[in-house]
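In the form predicted on its own, a lone chain appears below as structure tokens.
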């Protein structure tokens, strides 16, 4: 049972981690908060289902196509909404409200296009379970863990080793100084939103065969991803990963050894405790002054 719970915790922690990375990337790059990540995951799941199940594309092609579309959507969201509001002098609270508005629009759009019923997505590997140390595990769960870990490592290398990633970090630290050095701050910020959307959409595709696809699937997952980011230290990339994995382990083991009834309660209670005693999170994230 322990092995099964550990695998489950790693899977759900990876899901939360991908969303938390998006939250943290956007905040660290611009000091802005977004509440669209859960709904972007949902849209990604529906797109993946459309490409894979309805149109019959290979799963890898469906996954890559969805990630590309979500990347472009994230860029479009920043340039056509967030950037426009900022250029008009909108303060951060209006940015938050605009992302809440988008998070309401997207499920309604998905319902209009695909309906309100949960849609089951065929298995990727054509097998029900695989054995790991005598425990039956859904292979898609292992894929979620693998892709989550690979994405986290690649994002770390991109942000710390690539020239463009370093430019993004410089623009986040001091936009004016970065701009004076020739860094296109507007482009780096747009790419941050694009990467966050791609992370959410990609993990949504992978969750389709595990849980099915529905318009409500992003609600609680999005909240948990946000909680993971706050627990780790909102705006800290490594804190987002650590906080999400901690959250995944806590709720999985509570569900496994106590009851599934209170696992969500325990998760958000943990969030409140961390906020009370460690208001900047486990990794003591940078705090931006409000506008």
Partner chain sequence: MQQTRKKTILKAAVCLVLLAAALIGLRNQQYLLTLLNFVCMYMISVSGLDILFGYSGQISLGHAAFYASGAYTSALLTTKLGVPVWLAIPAACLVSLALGIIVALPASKLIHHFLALLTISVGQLVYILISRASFTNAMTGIRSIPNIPLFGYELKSKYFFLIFMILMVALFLIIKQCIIHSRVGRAFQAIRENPVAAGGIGINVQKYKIMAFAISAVYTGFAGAMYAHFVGFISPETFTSAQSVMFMTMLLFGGMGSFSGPLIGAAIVTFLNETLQVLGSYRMMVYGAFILAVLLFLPHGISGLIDIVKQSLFKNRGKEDRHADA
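Numbering follows the first chain given and starts at 1. Given the structure is predicted, the values throughout are model-derived calculations rather than measurements.
Here the subject shifts to the form predicted in complex with its partner chain, a form of this protein not shown in this document.
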query: Option touching its partner chain, based on a heavy atom within 4.5 Å in the predicted bound form, out of 132, 90, 72, 142; finding: 90
query: Triplet 96, 102 and 265 all within 4.5 Å of its partner chain in the predicted bound form via a heavy atom; finding: yes
query: Heavy atom contact within 4.5 Å of its partner chain in the predicted bound form, the stretch among 41-49, 56-64, 241-249, 220-228; finding: 220-228
query: Residue 112, heavy atom within 4.5 angstroms of its partner chain in the predicted bound form; finding: yes
query: Any non-hydrogen atom of residue 81 within 4.5 angstroms of its partner chain in the predicted bound form; finding: yes
query: is_contact(residue 10, its partner chain) in the predicted bound form, heavy atom dist at most 4.5 Å; finding: no
query: Its partner chain contact at residue 85 in the predicted bound form, heavy atom, 4.5 Å; finding: yes
query: Contacts with its partner chain in the predicted bound form - residues in 24-63 whose heavy atoms fall within 4.5 Å; finding: 27, 31, 33, 35
